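One chain comes next, on its own, written out as structure tokens in the form predicted alone.
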Amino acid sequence: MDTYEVTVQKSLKLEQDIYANPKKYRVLTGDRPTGRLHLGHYFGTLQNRARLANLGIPTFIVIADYQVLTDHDSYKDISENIKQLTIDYISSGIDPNKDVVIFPHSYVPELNQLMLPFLTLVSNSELSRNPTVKEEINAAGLKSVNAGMYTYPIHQACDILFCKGDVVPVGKDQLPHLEMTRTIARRFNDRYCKKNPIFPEPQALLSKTPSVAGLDGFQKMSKSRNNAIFLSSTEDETAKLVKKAKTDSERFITYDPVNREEVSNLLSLISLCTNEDPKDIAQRIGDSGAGMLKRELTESLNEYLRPIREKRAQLEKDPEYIRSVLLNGVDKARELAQSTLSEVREAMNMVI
């Protein structure tokens, strides 16, 4: 496994080549349908997905509905969450077309059939020591861990490799999952089709946007922490959430991420919306205090999110269109998955 520094350098080279040769690559990305998306998702991943898709790179966006079952007891909201994710994607600038495929993986049985052969290529100990799985178990506070959680990285490998995805936009914390996919691809090719490899070893495209902190200033923005502003929030809801945001007792506003974490985070959120330097924003507000800081943040967020929210409102009124996007995505994904599964069967001498 490469060091993080080596991975960063490879990602930078990959970024350059993607701009020069977008059709050479195929992107796989996605989310679990656990709820609506918020600003952390938007600035962390959605913007980048829209950018890549708009370059003309074939892009597959998987809504990982089966994976919700690994650490969530409730399944009642999955269907609605799938639709809301799709609305969030489209309203954020991701245009479903011949090169952009959005689909839930439970509707692509051929994708899921890759699980069994892939499971034979990894050991129990490799699954147990995956650091990302350990972190997810701790974050969910699970006392009893089902087998689906341990095989989560294998299912992600199926998601990536069924379409022969060779570029996966990820953050640093997801690199162990991607390394597992690379290992599975390499082992399958070595064992079954060394002369004519079927699967690529996907590369990481590291996110340029750091983790976006929530309105409490020090934790990652998250629905479960009640510190998030959702793309679907109204302007009034946004104002109320910002009003509750943590600052500190100093009146004069300065950008100091080390010593003034909460204030600096609010300045950073304004910066993401306006592209101003956080220091310049702080200087402009000066001794007008936290009240002015929160007013500027509210105005910046509402102005930035207004076109997204308007698009969301239109899409909410057209559920048949959302359903058609998903079903068209399923058709395209299944066609490709069937082709890949046929190659796998042939390589494994299972053709009858």
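The structure displayed is predicted, hence computed values, not measured ones. Numbers follow the displayed sequence, beginning with 1.
From this point on, the text means the form predicted together with a small molecule, which you will not see here.
Asks: Picking from 168-176, 246-254, 75-83, 224-232, which part of the chain touches the small molecule in the predicted complex when contact means heavy atoms within 4.5 Å?
Replies: One stretch meets the cut-off, namely 168-176.
Asks: Can residue 305 be called a contact residue for the small molecule in the predicted complex at 4.5 Å between heavy atoms?
Replies: Output for residue 305 is no: heavy atoms all beyond 4.5 Å of the small molecule.
Asks: Taking the small molecule as it sits in the predicted complex, is residue 40 near enough to touch it, meaning that at least one heavy atom pair lies within 4.5 angstroms?
Replies: Residue 40: no contact with the small molecule in the predicted complex.
Asks: Residue 152 versus the small molecule, in the predicted complex: is there a non-hydrogen atom within 4.5 Å?
Replies: Yes, residue 152 lies within 4.5 Å of the small molecule in the predicted complex.
Asks: Indicate whether residue 325 is a 4.5 Å heavy atom neighbour of the small molecule in the predicted complex.
Replies: Residue 325: no, not in contact with the small molecule in the predicted complex.
Asks: Which one of 295, 26, 311, 32 is close to the small molecule in the predicted complex, taking close to mean a heavy atom within 4.5 Å?
Replies: Partner contact (heavy atom, 4.5 Å) among the options: 32.
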